[in-house]
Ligand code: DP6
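As a starting point, one isolated chain is supplied in structure tokens, in the form predicted alone.
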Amino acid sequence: MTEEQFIPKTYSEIIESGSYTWSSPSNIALVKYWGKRDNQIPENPSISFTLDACKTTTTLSFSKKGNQDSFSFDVFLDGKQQDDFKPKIETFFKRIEAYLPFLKNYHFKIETANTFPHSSGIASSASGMSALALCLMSIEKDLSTPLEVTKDYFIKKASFLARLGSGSACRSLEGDLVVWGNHDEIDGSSDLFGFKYPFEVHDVFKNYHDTILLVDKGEKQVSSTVGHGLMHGHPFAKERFKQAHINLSSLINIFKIGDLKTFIDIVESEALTLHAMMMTSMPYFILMKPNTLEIINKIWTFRKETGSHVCFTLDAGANVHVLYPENEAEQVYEFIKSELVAYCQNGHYICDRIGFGAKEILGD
């Protein structure tokens, strides 16, 4: 699909007011996206596990207004008004107005809540922007005739819109594996939206666990937006983008045959490469903390001593995602509690596992 196909024709229905609620999960990339072009277009493809427990629930209420010259909305997090969120939402609305021309017709009340603490260090932009995009698509669906907004179009356009709010948000709408970015070996993959992984996946990758170790809950010294920008002119950028394509190609067979050893090699290499790009940009920066490295070394030692298939990945921060298959959950969880929790800030961690995407929450 092209961007033009997401621009609607005139709406056939009229709605004065209403309310929609969606919950949408976060996700954790296995092949990382780092570096983007204009309009949130990724420099390389990525693939992610959709999570289950770490999610955002958003209720979007709307009512027709008289003055239609500007956007009008209020934002609430856990019942408290958050005016500091408004600039990001304003930017989002400006980016998507061409695709949702009704935005200035209504006043919106955006009420959002996370299942994970806002200060936990887990990025809420993926879950939050995808939930908001789904609520907005629900409005468009009701403004349109049924044939204009099919289920497939609804999901693709919601993912497309979510991407314009936060790149990785486009991978949160479906599950359990989602690809974002053009890749020659995956028909249907696109830079414009996330795409449910279409190939065979071995049972060992079903019900995978992700225990998130909260090493540092503080604000990152360098934002992801700035970090992405530093890939422009990065001396290793072209090789990195090529590496992502190669790793995604390799994962196709790995997922099919259940090759956990090579899966671990790729996932951990991807995590470390992400941070290597940060450490070799100009200006350079380090988001890992000493305890991040302590956890990584503990995981390597445990895996060598036990033969376990536990591994780690990292987001653009200090926290560690500990990944392991269902059939090793009891052993690995004991290891986490006895060996790794000590390196978490205030002993805090989150137990999660693979999920299957966003859900609409219907009223009584």
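The structure displayed is predicted, hence computed values, not measured ones. Numbering starts at 1 and runs along the sequence shown.
FYI, the form predicted in complex with the named molecule isn't displayed, but the following is about it.
Out of the listed residues 125, 138, 291, 112, 125 is the one that sits within 4.5 Å of the named molecule in the predicted complex by at least one heavy atom. The single contact residue among 49, 62, 34, 324, judged by any heavy atom lying within 4.5 Å of the named molecule in the predicted complex, is 34. Comparing 76 to 84, 130 to 138, 166 to 174, 145 to 153 against the named molecule in the predicted complex, the single stretch with non-hydrogen atoms within 4.5 angstroms of it is 166 to 174.
By the criterion of a heavy atom within 4.5 Å, residue 221 is excluded from the residues contacting the named molecule in the predicted complex. Not displayed here, the named molecule is kept clear of residue 332 by more than 4.5 Å at the level of heavy atoms in the predicted complex.
Although the partner is absent here, residue 315 is a contact residue: one of its heavy atoms lies within 4.5 angstroms of the named molecule in the predicted complex. At the 4.5 Å threshold, heavy atoms of residue 274 reach the named molecule in the predicted complex. Residues 183, 244 and 253 are none of them found to lie within 4.5 Å of the named molecule in the predicted complex, as judged by heavy atom distances. For the partner-free chain shown, 224, 225, 228 of 208 to 232 come within 4.5 angstroms of the named molecule in the predicted complex, judged by any non-hydrogen atom.
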